[in-house]
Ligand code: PRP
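The form predicted alone is given below as one chain in structure tokens.
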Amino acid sequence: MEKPTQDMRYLTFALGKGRLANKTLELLEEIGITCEEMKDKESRKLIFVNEALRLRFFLAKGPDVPTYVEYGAADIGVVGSDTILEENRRVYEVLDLGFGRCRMCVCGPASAKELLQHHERIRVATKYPKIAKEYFYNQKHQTVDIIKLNGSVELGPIVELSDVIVDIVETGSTLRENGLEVLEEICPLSARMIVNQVSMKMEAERIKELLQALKGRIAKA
């Protein structure tokens, strides 16, 4: 990375909390970007700084990351593509980071498969109403009633709140344990890097250099 000068502005990263942030920091370390402050588990700080590289980092709930990036509170964000699709913010999606791979699927009991084939009006429970609506209305051309849930959506078909669910599937073990299965796959998902539209122009060189270093590292993995 280019040696920053003291008069350079900070480049700010918003990272989705949890595994995503940990994996991102590991990846950044592999290309020489570290933030020692973030390793202190006792720290109550909200903003972490690497003065030498003029970088700032903060952790945010996944759905908030695209908002911080769209409005310029962060130049760069890392979040799952499910969140990018659901939040639909004005940001540039610039890189698939290659981890956090899973799928967005329509799931339910085996008996619900027929309801999907005959375009019947059905009830769909999900944490992702925009993704569900886009899939059923614009791709399948099927009218559905979408029920937004925040907790365990697998409960939907079990307690007869809904016919099917739209949710993220990693291994499918939770589905199997509850008598449900994947009925249709909507799209593959993974961790993505997003960039603020103004930052992409104003900090083009630094961001381009970062992306090239990351692409090189991902290609070797």
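Because the structure is predicted, anything quoted here is derived from the model rather than measured. Heads up: residue numbers just count along the shown sequence, starting at 1.
The discussion below concerns the form predicted in complex with this ligand, not included here.
Exercise for the section: Answer with one of Glu30, Glu51, Glu170, Glu36: the residue that has a non-hydrogen atom within 4.5 Å of this ligand in the model of the complex. Expected result: Only one listed residue qualifies here, and that residue is Glu170.
Handout entry: Among the candidates Arg89, Lys133, Lys127, Arg123, the residue which, in the model of the complex, approaches this ligand to within 4.5 Å (heavy atoms)
Key = So the residue touching this ligand in the model of the complex, by this definition, is Lys127.
Exercise for the section: Check whether Ser152 has any heavy atom within 4.5 Å of a heavy atom of this ligand in the model of the complex, and answer yes or no. Expected result: The answer is yes: Ser152 has a heavy atom within 4.5 Å of this ligand.
Problem - 4.5 Å heavy atom contact, Ser43 and this ligand in the model of the complex - result: The answer is no: Ser43 has no heavy atom within 4.5 Å of this ligand.
Exercise for the section: Could you tell me which stretch in 43 to 51, 64 to 72, 191 to 199, 170 to 178 has residues with non-hydrogen atoms within 4.5 Å of this ligand in the model of the complex? Expected result: It is 170 to 178 that comes within 4.5 Å of the partner.
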